[in-house]
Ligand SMILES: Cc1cc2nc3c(=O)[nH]c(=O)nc-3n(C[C@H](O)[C@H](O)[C@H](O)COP(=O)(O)OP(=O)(O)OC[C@H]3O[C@@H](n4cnc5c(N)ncnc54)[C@H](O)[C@@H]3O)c2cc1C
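Okay, so here's just one chain, in structure tokens, the form predicted on its own.
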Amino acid sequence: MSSRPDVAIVGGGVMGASLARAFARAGHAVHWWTAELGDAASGVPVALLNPYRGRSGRAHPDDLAALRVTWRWAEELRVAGLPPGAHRSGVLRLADGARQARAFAQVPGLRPLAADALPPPFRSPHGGAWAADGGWIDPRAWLGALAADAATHAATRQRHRVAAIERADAGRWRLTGDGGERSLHDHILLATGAAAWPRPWVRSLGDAPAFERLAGDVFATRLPAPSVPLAGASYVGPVVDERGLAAAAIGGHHRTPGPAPDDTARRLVANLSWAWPALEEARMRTDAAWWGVRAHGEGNRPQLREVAPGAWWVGALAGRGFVVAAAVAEAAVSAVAAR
């Protein structure tokens, strides 16, 4: 039996799965409350591992450090015989003008590419840049590998939702499921993504931290996936089907949460066809359309915050959860150990 604090983790997305693995491997007794893996924004069909964001392409130092942790986790999972679905393929950025091309050329970690050196099927008269340390993840494989690895280290996964969170005797936390099951914990970690806390939680935890909600969309095409993913405000990545075949998917279009407007696919194609002309002729697989809501917090940085003694909110990953969640989870283990 572990002598480390007992922890409960609430949430089945990439942050919750990462916390379950990190705490279980650190020797904590873990009780994981989640109805399903890959809920909400973590159910995205493909996730790019790209810290070189924004028009300048500059990467935040924390994101670069976090990406190294993610690749380390991927290797640990492979060694454990758990295929992580993580591919260190590199990531391409295209310049939409001479000014952006000059900006890319100043960014450490990006290698400038002339127009005639771009990998097919992409094109840009102003060239682009190559991030060799980027890549992409199949979220279903990644989340499954995290869950399996957590389970080998005595983590317990509960297939139900939390109905109530209450302060119990001796400063512990009592969680009650919607089926009436209960558990007691020294610490709780709330990885609830962009969801608002239900009102019953507020009595014990206070109001949920403030964050902005933005929706993103992904549409699968009937085109084969390019050899490398394309990052940017609108992006291209591979979606792997049950047969192991990869089709191209296009994503982006951050907007007010809600179902995608009817013209979303057309607008994404318009945003990207200058860089990939074949998209003009491509058919969208409307049966494979996806949208999800992401949480953007203070300073647009991931948050790890103790909202009540022994209760931690972990979130606001701002659309880069698969880049940073592993590092945030390790930071959470250290934060709990320091209490």
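Numbering starts at 1 and follows the sequence shown. All figures in this text were calculated on a predicted structure; none of them were measured in a lab.
In what follows, reference is made to the form predicted in complex with this ligand, a form of this protein that is not presented.
Screening 162, 155, 249, 74 for any heavy atom within 4.5 Å of this ligand in the model of the complex leaves a single hit, 162. A heavy atom within 4.5 Å of this ligand in the model of the complex is found for exactly one of 293, 64, 307, 289: 293.
Not displayed here, this ligand is approached by residue 318 to within 4.5 Å at the level of heavy atoms in the model of the complex. This ligand is not drawn, but in the model of the complex it has a heavy atom within 4.5 Å of residue 194.
This ligand in the model of the complex comes within 4.5 Å of no heavy atom belonging to residue 20.
By the criterion of a heavy atom within 4.5 Å, residue 198 is counted among the residues contacting this ligand in the model of the complex.
Contact annotation: this ligand lies within 4.5 Å of heavy atoms from the stretch 184 to 192 in the model of the complex, the single such stretch among 125 to 133, 87 to 95, 263 to 271, 184 to 192. Looking at 43 to 71, the residues that come within 4.5 Å of this ligand in the model of the complex, counting any heavy atom, are 44, 46, 47, 48.
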